[in-house]
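First, one chain by itself in structure tokens, the form predicted alone.
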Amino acid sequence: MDTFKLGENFMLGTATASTQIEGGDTNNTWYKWCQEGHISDSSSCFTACDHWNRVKEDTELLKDLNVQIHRMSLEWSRIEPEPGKFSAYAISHYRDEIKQLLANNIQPLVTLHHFSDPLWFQNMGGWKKPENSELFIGYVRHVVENLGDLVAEWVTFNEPNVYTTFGYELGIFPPGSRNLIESIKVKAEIIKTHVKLYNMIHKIRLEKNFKGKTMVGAAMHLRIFEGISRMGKITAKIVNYAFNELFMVGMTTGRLMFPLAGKGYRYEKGQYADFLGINYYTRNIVEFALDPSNYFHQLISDKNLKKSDLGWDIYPEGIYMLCRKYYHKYKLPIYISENGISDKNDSRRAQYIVNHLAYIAKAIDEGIPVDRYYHWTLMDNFEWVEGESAKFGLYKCNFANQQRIPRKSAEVYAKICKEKQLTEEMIKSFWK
């Protein structure tokens, strides 16, 4: 294990998502998805971590971790429970939550869309109908006008590649569609919407003279895809293009690449990101497969690498590879907007964190401006189709009584957040 220094200006924190921690909401698509029995352990986002009622308690957890930043998301269905009708109570709740972060010198990064839509939006056709994007834009306008004095940094969409691939192409996320042509249209619409939001958020904060430098971007789930055989290498390039590149290009430059470009669309050159948000967890070996149901490819784990509880390869070098690749391509500062591991016994998490941070330090030493690291996640939560079974938290969450219990990795991470480095003394202390 090597020591590293991240620099005084580097910022460390945590990331969460409203649907995964808040609980108590029945007006979103994931609640319905749970009710329909799509969750592997039969748990529900209605329970989650009851964070909606425990904001003060959970802010104390952040303080204990010595974090400087925190990424959170807003629940659209709470803020706009009916089309065009906004909840003053929900806005007041989120204002209070953000104020608590700021009062503790924790800078918020707010995500506007994190996999969840209001049920009424889905019932109206959701993202399948291009005109519905104006509904989301209206929601964002209301949010930025009412929270923009407190929040300068925004993520428009979290992992739009995962959201559209899983929800509209593979059918394992709501709305459960499995239609390639339909998913292509949705992907194009979300990229167009992001471009509009980028311009609108900057405009609103400028016109209202809100303090703080406006920073807008997306949080992209990026994986390393590698092939071994000749056909595998070709297939890996295709998978990388379809999963990573279509959205990286679109959300950064506004360009719709093949096959997303549609009739009547005009691409105007521009920059529609102030930072590159990278969610990184693992890499995959890709092989060609004669299986049209899985779009002629399969993802294979590397038998030589250690795994998370979900069977994901632990490959820390990948975070360095992605930072280097995309910085040289776009010349934008990088936020590691998510990075973490499902590790119920907490036997690998601390090592996972320091190994990835060591590669981030390597990138920084090479002049790549990686400015932030948001660990996924603060506490065990409702982990989408895995439900409560996937344990990503620095804190264990007992979902029965909502007790939060710090894991050993929380102690390690708190020390790193405070020192912004890993020293020989810290290694001796934590890895006897």
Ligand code: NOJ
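One-based numbering along the sequence shown. Note that the structure is a prediction, hence the values are computed from the model and not measured.
Another form exists, predicted in complex with 1-deoxynojirimycin (NOJ); not displayed. Remarks below refer to it.
The three marked residues, E60, Y374 and E411, fail to reach 1-deoxynojirimycin (NOJ) in the predicted bound form, with no heavy atom of any inside 4.5 Å. Note on contacts: among Y352, Y94, Y281, F136, the single residue with a heavy atom within 4.5 Å of 1-deoxynojirimycin (NOJ) in the predicted bound form is Y281. A heavy atom within 4.5 Å of 1-deoxynojirimycin (NOJ) in the predicted bound form is found for exactly one of R205, H114, H297, K187: H114.
None of 375-383, 359-367, 52-60, 393-401 except one has non-hydrogen atoms within 4.5 angstroms of 1-deoxynojirimycin (NOJ) in the predicted bound form; the exception is 375-383.
Contact check for F86: every heavy atom lies farther than 4.5 Å from 1-deoxynojirimycin (NOJ) in the predicted bound form.
In the predicted bound form, 1-deoxynojirimycin (NOJ) sits within 4.5 Å of a heavy atom belonging to E159. Proximity of Y241 to 1-deoxynojirimycin (NOJ) in the predicted bound form: non-hydrogen atoms within 4.5 Å are absent; the residue sits far from the partner. For D313, no non-hydrogen atom is located within 4.5 Å of 1-deoxynojirimycin (NOJ) in the predicted bound form, even though that partner is not displayed. Contacts with 1-deoxynojirimycin (NOJ) in the predicted bound form, taken as any heavy atom within 4.5 Å, map within 325-347 to E338 alone.
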